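This document opens with one chain alone, in structure tokens, the form predicted on its own.
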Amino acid sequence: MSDRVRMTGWALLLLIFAAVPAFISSARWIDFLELTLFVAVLGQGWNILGGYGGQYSFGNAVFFGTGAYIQALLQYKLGIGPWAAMWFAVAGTVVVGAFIGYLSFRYGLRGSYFALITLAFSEAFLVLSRSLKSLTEGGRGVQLPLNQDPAQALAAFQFNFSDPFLRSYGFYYTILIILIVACALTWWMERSRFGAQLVAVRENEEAAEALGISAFRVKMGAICLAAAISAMAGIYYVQKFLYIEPGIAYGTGKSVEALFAPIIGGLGTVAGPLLGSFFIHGIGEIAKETLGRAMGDRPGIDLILFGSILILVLAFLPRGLAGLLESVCKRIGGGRDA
């Protein structure tokens, strides 16, 4: 698939997303789209390190949670505005990512060892966030105050404007912009020298080192970029729900979503996390509305169907949905040439 075709596809997709409010007014479906785009951002953060760098993480929640907690605590404890706190949240999360990366890559941890150490850090931050009650408010979490003044909606980063359109779609466009930034960074990385070095390290680290590529430096850059993108997802979550607690911030749920979206959508591709996120949540909604109701709303029935489809995708689509889409486009293009 040529770059021109890809760019045309991305432009059309962006126009569709931008025009969503003209066709969808249901709050339920807007929430569905916001959740899908949110998970795509999480997946894009994981994809940079795991998909392009081959460093599979089982604890990406440590980046999401750290960004969310810094964003919330700076406002709750120090009274810093949300727009200023955002920069500190991203920077603080990058520092955490660099710390984890240094301890991991400095001593050559990779594969299952790297996956386990990221999981260990995520669990350690979970315990710390529950234990340091004077700092994090412990298990009760941090509840940010709700802005009551529509004139301060933008300054408060809460979008409770008096205008119904901005009130209904403010956070939808926010997460859409964050996803665009995340995809643009991934697209740039994919075509940069840094991206080529990262892929070389993924394919054969020893050979890359022999060619003069510093695997340590390249992987450190990847984990810092992944941490920054994941932190943006945490910032969005805090501003939308005005609440964060240890289980949400550092629980395994966010790590699993971040991992599944790019694996199902296509590892090492810009579109993979978005495709995977739509697949995951789309199948989940379809299962709830069809099989779940047909079986009398018995809990867990939709999850059985969901899990079965995931297994089939992983078994028969090793390149994910992005690979399938590219194969279909090639066949169509070949047919036209003939």
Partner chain sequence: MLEVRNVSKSFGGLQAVSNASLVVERGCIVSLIGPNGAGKTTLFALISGFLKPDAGNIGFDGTPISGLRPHQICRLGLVRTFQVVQPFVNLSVRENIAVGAHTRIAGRREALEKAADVAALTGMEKMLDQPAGALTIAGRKRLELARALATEPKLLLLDEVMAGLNATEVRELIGVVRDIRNAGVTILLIEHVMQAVMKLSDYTYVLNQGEMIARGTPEEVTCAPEVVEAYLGHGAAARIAIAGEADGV
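A quick note: this is a predicted structure, and the numbers were derived from the prediction, not measured. Positions refer to the first chain, counted from 1.
One more form of this protein exists, namely the form predicted together with its partner chain; it is left out here, but the text below deals with it.
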| query | finding |
| --- | --- |
| Heavy atom within 4.5 Å of its partner chain in the predicted complex - the one residue of Thr174, Gln152, Ser214, Gln143 that qualifies | Ser214 |
| Contacting member of Leu267, Ile178, Leu225, Ala208, with respect to its partner chain in the predicted complex [4.5 Å, heavy atom] | Ala208 |
| Residue contact check: Lys133 to its partner chain in the predicted complex, 4.5 Å heavy atom | no |
| Close approach of Gln148 to its partner chain in the predicted complex, 4.5 Å, heavy atom | no |
| Its partner chain contact at Asp163 in the predicted complex, heavy atom, 4.5 Å | no |
| Distance check, Asn204 to its partner chain in the predicted complex, heavy atom within 4.5 Å | yes |
| Heavy atom contact within 4.5 Å of its partner chain in the predicted complex, the stretch among 81-89, 258-266, 187-195, 153-161 | 187-195 |
| Members of 158-173 lying within 4.5 angstroms of its partner chain, judged by heavy atom, in the predicted complex | none |
